[in-house]
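Just the one chain here, the form predicted on its own, laid out as structure tokens.
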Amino acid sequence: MEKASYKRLKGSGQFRQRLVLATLSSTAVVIEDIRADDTSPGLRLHEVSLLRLLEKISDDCTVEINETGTKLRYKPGVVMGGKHLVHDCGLSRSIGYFLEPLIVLGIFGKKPLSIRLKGITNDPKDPSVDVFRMVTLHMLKHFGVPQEGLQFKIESRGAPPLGGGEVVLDLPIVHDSLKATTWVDEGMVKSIRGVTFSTRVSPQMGNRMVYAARGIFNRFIPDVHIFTDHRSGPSGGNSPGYGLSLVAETTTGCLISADSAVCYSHGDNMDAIEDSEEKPDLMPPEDVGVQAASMLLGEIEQGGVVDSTHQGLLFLLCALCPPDVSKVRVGKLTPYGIETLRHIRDFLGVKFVIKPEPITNTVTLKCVGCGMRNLSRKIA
């Protein structure tokens, strides 16, 4: 390929988005100066793992990384999908980091995707697999993604630093294109659902988190159900941890989520922790319950049809719709959401009309989709 046909980008920011948009728009990219000035320059382990995942689900995709890892040449192929795929996500980021790019690309594949992902299921950095199951997958139905064949199963949980979790994702394909949506009314909160997870700790941890979270919600709303998921043995992974994922459902069917998790950090040596009398103190489960509940109330207060972690995905799905107007309303724009809008403009040529609403402190966004069609699907 001649040099001119590569789109040149710099830095390590928004790495996932760049790869997803490059793949969807069939744009070959060169990313230079990836953490060039850092003490440990170049791509991180989870970024290399994401590239390997893209190679697994695509055909004819080429990835070239220079010796220092500071320059990447990526030429996307055709997203194939496929059955019985397995990918080890590693231990530097959780499975949640890989799921968002996977669903956006998977629905435009040639065949439905069925993949088993191994690694960390819940950590403080990325959205948990519970939020993905309860909220993210439900967003797809607003854009006309078929619900048959859409499944997500948490087979075992894994907390940092040693992971050990496994999930299985089954994803159908869009038969032609997504459908444009008008999704602006978030409604009023009618119920709160949640699930606690606890691995390799006392089963009481889950109940203590539930009790603390309910103590906050019961002042506002009677319909609160939080389930406990305690795992021991092989299905509990390799490290101790616990946390809480909460979802508020509104009268118009919007789902707003927040989650909190506690675990030992990547730097901690687990063998030393197991042997020593003095374990590093983890946040008490009561505080985790209060923290998750407060975060959820903060997300609800911001308004909008999705919470702040789902803004980027929402904008991306709107941009991939047919050439028709999509209109959505969100709370305060997050830095990630703003970067997503910039990348959508650069890769897909879709511009959003952004209109703040001072009374509700929310933002309405409108765009005409780029008309992404699933041309790689198998024609029956």
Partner chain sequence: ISRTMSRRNSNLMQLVYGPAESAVSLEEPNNSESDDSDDEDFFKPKGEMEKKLNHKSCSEHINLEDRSKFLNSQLKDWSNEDFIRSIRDRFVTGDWSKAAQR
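Numbering follows the first chain given and starts at 1. Predicted, not measured: the structure shown is a model, and the values here were computed from it.
What follows is about the form predicted together with the partner chain, which we do not show.
Segments offered: 83 to 91, 150 to 158, 292 to 300, 173 to 181. Contacting the partner chain in the model of the complex at heavy atom distances within 4.5 Å is 292 to 300. The shortest heavy atom separation between residue 21 and the partner chain in the model of the complex exceeds 4.5 Å. Of the heavy atoms in residue 285, none are within 4.5 Å of the partner chain in the model of the complex. Of the heavy atoms in residue 25, none are within 4.5 Å of the partner chain in the model of the complex. Residue contact check for residue 220: one or more of its heavy atoms lie within 4.5 Å of the partner chain in the model of the complex. Here is the short version: of 34, 314, 321, 29, the single residue with a heavy atom within 4.5 Å of the partner chain in the model of the complex is 34. Think of it this way: in the model of the complex, the partner chain has a heavy atom of just one of 350, 328, 43, 53 within 4.5 Å, and the residue is 350. Taken together, the three residues 102, 130 and 196 lack any non-hydrogen atom within 4.5 angstroms of the partner chain in the model of the complex. If you take 52 to 86 and check each residue for a heavy atom within 4.5 Å of the partner chain in the model of the complex, you get nothing at all.
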